[in-house]
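Next comes just one chain, in structure tokens: the form predicted alone.
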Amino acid sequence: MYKNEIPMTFPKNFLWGGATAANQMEGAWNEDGKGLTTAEVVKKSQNPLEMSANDVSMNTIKVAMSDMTDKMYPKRRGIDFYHHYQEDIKLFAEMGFKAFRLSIAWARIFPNGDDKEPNEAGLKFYDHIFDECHRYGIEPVVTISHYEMPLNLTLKQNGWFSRKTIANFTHYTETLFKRYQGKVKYWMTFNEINAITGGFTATGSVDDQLSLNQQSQLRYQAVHHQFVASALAVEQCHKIDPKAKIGCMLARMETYPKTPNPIDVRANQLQDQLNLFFTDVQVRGEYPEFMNRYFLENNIKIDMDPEDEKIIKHGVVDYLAFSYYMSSVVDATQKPEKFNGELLGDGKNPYLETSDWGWQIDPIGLRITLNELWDRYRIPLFVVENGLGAKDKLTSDHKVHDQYRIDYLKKHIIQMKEAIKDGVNLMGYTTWGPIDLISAGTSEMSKRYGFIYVDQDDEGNGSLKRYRKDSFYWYQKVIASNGEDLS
């Protein structure tokens, strides 16, 4: 609809906050009846510049299960949020958070994944979390499955490759929706669902003994089962708690063709299609036609039950959430590499700076992404991860002068505001890691994102004391001014 006026700033009810994941922060991995998760058998990387989260086999799982310590498995200890949650949420409230994105550890509710009855101690823990958030006027934004699942489901039925896992998941989601009705207004089904093509982290399925083609078959079959499970969860949520909203979540990386050469442009278009295939299914409710050719040419055949397409059609999400950290360049002459579940071009963009970990910093790319997703889907968008991993230094007087983080976030917030002026319906912004936590890919601690410094090193040594960084006070001003004061 044509309007003479355009929005000039963030909406009054904008959800400013921060985002976390249970397996990267909670700790207490063997307390109060919790079961072992897939995230807790992934050994930390020996090279912090290399991803290790998908380097899992049945043999490495057996080794992990025989080691009942957290020395080589930092996601077991996290930052001990389990025992520090009151202190941490109070710090989030001091910054003025309107929203706190967190995930629920499935194995804390159903230790084996297929238990008939939930673990009451696990349910109570999240009751306490949500109550503490509401005490400060903070809306919980809850991811139901964030790169972990009960390990028993891997051992018993190879995770999401098995259709049986759909029923396990829907039993879990029904339990959550009933228990937390009225306490959680915003849900998301799967974190970065497109990362499933990367392997074990998102599938919970072991495929290291398979050929590349067999791995692709397994992973796309696993994501089909997640599509069905997500759609069923959407319908459950709408029925049990009609006031709640439930969304999907995508790992989004804007990509550009390396040159104007049409072969580069087409390669970039294909890259984009493969990325947005996942949200096409969850937002539009059907498999896009371009995947027919992709599946045929890559010898992939999805096994569907007769009712699956109908279920997916009826279970479309209310909003689209996504992570955005960087952009990349696609070169048709280079074979793309796999990175955290996404296909990435090998080429570097000469116009962009890079982080300590080689990620290309591209704030304008966020505006481009927001416009593209809004044009394609026309449902509310939610930036639920964005941030800068850096090697922060704690001074002798317990300060962290992280102007580089402020500069990164400031530039991205400016571009979000521009996107809102463009007409994009943006509902919120939760930065990744408002408090330092364990890295998803390498399980290191030294890659820090937070506004709050946690005294713990890569080996787990430290007091676990929390210290406010310079960015803490800056973000406090940003939220208080609803994005107007970025100085």
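In this text, residue numbers run from 1 along the sequence as written. The structure presented is a predicted model; accordingly, all values stated were derived computationally and were not measured.
The same protein also has a form predicted together with 6-O-phosphono-beta-D-galactopyranose (BGP), omitted here; what follows describes it.
Engineer: Is it true that Trp359, Glu385 and Lys447 each have at least one non-hydrogen atom within 4.5 Å of 6-O-phosphono-beta-D-galactopyranose (BGP) in the predicted bound form?
Structural biologist: Contact check passed for all of Trp359, Glu385 and Lys447.
Engineer: Thr154, Ser328, Thr165, Asn191: which sits within 4.5 Å of 6-O-phosphono-beta-D-galactopyranose (BGP) in the predicted bound form by any heavy atom?
Structural biologist: In short, Asn191.
Engineer: Select from the listed residues Phe227, Phe100, Tyr147, Trp160 the one whose heavy atoms reach within 4.5 Å of 6-O-phosphono-beta-D-galactopyranose (BGP) in the predicted bound form.
Structural biologist: Only one listed residue qualifies here, and that residue is Tyr147.
Engineer: Where does 6-O-phosphono-beta-D-galactopyranose (BGP) sit in the predicted bound form: which of 414 to 422, 435 to 443, 27 to 35, 450 to 458, heavy atoms within 4.5 Å?
Structural biologist: Of the stretches listed, the one contacting the partner is 435 to 443.
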